[in-house]
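This document opens with one chain alone, in structure tokens, the form predicted on its own.
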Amino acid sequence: MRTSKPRLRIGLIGTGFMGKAHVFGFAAAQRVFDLPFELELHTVADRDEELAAAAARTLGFARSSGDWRSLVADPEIDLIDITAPNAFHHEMALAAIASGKHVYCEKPLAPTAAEAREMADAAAAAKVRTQVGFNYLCNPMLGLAREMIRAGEIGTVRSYRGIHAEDYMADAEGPFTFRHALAGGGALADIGSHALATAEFLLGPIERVMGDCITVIGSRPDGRGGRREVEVDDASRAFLRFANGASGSIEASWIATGRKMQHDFEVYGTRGALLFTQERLNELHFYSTADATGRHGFRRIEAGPVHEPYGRFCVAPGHQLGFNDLKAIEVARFVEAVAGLRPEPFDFRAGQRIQLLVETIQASAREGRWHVVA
């Protein structure tokens, strides 16, 4: 006879692109993984009752609300999932933590490192579990790359290059949005955070940075016939020095015309190299100096069931995982952490670290000099 599992009741705040991605992650994780809980889509909140009710019908939530505070106050809800605009993360997460709820929050964690630290400190004091949404790190190919680096398969790492580029802000006449205000963070915080997270995931801590942050489109239509000044960067770059002695760089741009999802890295060592692009996220390319003369070249390693947890989704290699599958892996790992079965994969303290890197790069850009990461 099947033993019933305890329920983990979820309250979602925000139903845009990432809200839907989180719901898909919850749905798939429950079918693909043997989770320690039954996941229940309890209540969804949006900016008004009508939007929330429509989202509940579409996404499968039992209840809806036009006020996120009602989710935080509801004693039936165990986990608050925040996919609202960045500026609201701090207030929402602190309220949820104060109510003793676990919190799953999309990146960037908060507009400032100080706010992120307050959130991380509050979670630690309340002993609740937290997760920041960096699902690209859940890709089995990134896990394989880190394993190969740590095993010395490319020798001593000398240099690193990372980029995250998209074009969703490339139109200069596109409207001013919350992302263009200081609290939105800019390209470096919004997508450069992925490049920074990947760099440290693979090579370990970044110790020093030299940044360059640029606002290319100075103003945008404000929706009322006028224009509003853009307060953040459209493109940013930084030179990096890692604690392991390697040097490198990262770049972030949301005005990269033609790019829809470029999240790439290159790692060069004394015995080989690794290349990856999110545009072909089921492939890792490996060069080895040990190959025979006349046989050198990058070989493609294709994702398959041997690269866990790919096999839980598909038994055949080469059939590929997608963006929402990575969300499902992230959800599964966090749910296991809530159950005490594993450490939190990327908690608020880790999210605080990324915001610290962002702000250190921004400070370096303003002052035109190298900065040590505190």
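Keep in mind the model is a prediction, meaning the values are calculated, not measured. Residue positions are given as counts along the sequence shown, with the first one as 1.
The same protein also exists as the form predicted in complex with another copy of the chain; that form is not shown, yet it is the one meant from here on.
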Original post:
Does Ser70 make contact with another copy of the chain in the predicted bound form, using a 4.5 Å heavy atom cut-off?
Top reply: no
Original post:
Is Arg299 one of the residues lying within 4.5 Å of another copy of the chain in the predicted bound form, judged by heavy atom distances?
Top reply: yes
Subject >> Exercise: Gly223 in contact with another copy of the chain in the predicted bound form, heavy atom 4.5 Å >> reply: no
Original post:
For Phe134, is any heavy atom within 4.5 Å of another copy of the chain in the predicted bound form, or not?
Top reply: no
Subject >> Listed range touching another copy of the chain, judged in the predicted bound form by heavy atoms within 4.5 Å, from 287-295, 84-92, 70-78, 115-123 >> reply: 287-295
Original post:
Pick from Val338, Ala332, Leu59, Ala52: which residue has any heavy atom within 4.5 angstroms of another copy of the chain in the predicted bound form?
Top reply: Leu59
Original post:
Which residue among Glu200, Glu207, Asp212, Glu231 has a heavy atom within 4.5 angstroms of another copy of the chain in the predicted bound form?
Top reply: Asp212
Original post:
Relative to another copy of the chain in the predicted bound form, which residues of 244-263 have a heavy atom no more than 4.5 Å away?
Top reply: Ser247, Gly248, Ser249, Glu251, Ile255, Ala256, Thr257, Gly258, Arg259, Lys260, Met261, Gln262
